[in-house]
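Single chain ahead, by itself, as structure tokens, in the form predicted on its own.
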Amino acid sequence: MLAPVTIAGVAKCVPERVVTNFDLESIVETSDEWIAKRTGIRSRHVVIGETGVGMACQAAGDALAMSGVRVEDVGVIVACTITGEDLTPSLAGSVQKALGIPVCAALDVSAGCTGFIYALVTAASLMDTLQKDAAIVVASEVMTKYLDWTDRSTCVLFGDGAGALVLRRSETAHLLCPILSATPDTDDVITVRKEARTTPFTGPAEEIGSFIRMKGADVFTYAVGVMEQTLLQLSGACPDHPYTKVVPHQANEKIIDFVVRTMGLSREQFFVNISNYANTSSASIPIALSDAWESGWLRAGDRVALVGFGSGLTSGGAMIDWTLPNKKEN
């Protein structure tokens, strides 16, 4: 079961350095027109001195400060990343240490670009199981360190950043209809192979390069299918009170546009900020939620559908009744 919770805080942290499509023209054979036309991406944030752990701690700390939740009342931290700097401690454990949270359950989940949905559902479930009153959900990715900068089909697609939410127990449930799913990636549609290591008992390791490899056409087909299916499931779960807005994973603007057309939805229902960030994997949804609230697009009383899809192949969704006070007037 999910504990009845509400969103009490939201924040993001992105690197200071902005790299535009024009900047990439000097690195790889591409152009601003080529990238923007196919993806909707105009720029992305790229780590220089920042780290994934540092961005996660900043985003989580800012969300916690907004929430008014005391550090000693945080009972759960669930973090997600596929680009963690350390095998151990976990990203969640590093956030706990940085924020001075004395005792809590702290763990990481890995579900590719769907990671934040998995982490959100896991955190709310653990709040119910462990009878905790507050949780931090944080995603942080440094995708640019896993790009082959000679491959124009992938290196233009990704950026770095982190986002976080704070969940607080409430009398009424505001996180609804969780959906988590995975389909075996039998064709290796999206992979990042870990660098091989040797021991005294093994032969020389094969040099494979720890880069993102992706079959773009297959990813597009999978993404539009599961995104549409997830939105239909969310609509069917609450037919009397459907979602009014959608915050999807920001992988490619053309994926979003395709689903809007095939489902006959309004483009204005969808929050899209991929032009400024590119694909930040599991961090894209919380970054988008932070921007949507900061800009006034997301307002108290909105029922928003979250939809994720990614490597694994994973997918997932949930609905949130947004309760944070309006940030600014439209």
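What you see is a predicted model, and the numbers here were worked out from it, not measured in a lab. Numbers follow the displayed sequence, beginning with 1.
Omitted here: the form predicted in complex with a small molecule. The next part is about that form.
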{"property": "Partner contact for Leu87 in the model of the complex: the small molecule, 4.5 angstroms, heavy atom", "result": "no"}
{"property": "Trp149, heavy atom within 4.5 angstroms of the small molecule in the model of the complex", "result": "no"}
{"property": "Touches the small molecule in the model of the complex: Tyr118 (any heavy atom, 4.5 Å)", "result": "no"}
{"property": "Touches the small molecule in the model of the complex: Leu99 (any heavy atom, 4.5 Å)", "result": "no"}
{"property": "The small molecule in the model of the complex reached by all of Leu157, Ile190 and Ala251, non-hydrogen atom within 4.5 Å", "result": "yes"}
{"property": "Answer range among 25-33, 291-299, 257-265, 52-60 for contact with the small molecule, defined in the model of the complex as heavy atoms within 4.5 Å", "result": "25-33"}
{"property": "Proximity to the small molecule in the model of the complex, single hit among Ala106, Met214, Cys177, Leu231 (heavy atom within 4.5 Å)", "result": "Met214"}
{"property": "Residue (of Val95, Cys113, Val137, Ala162) lying close to the small molecule in the model of the complex, criterion heavy atoms within 4.5 Å", "result": "Cys113"}
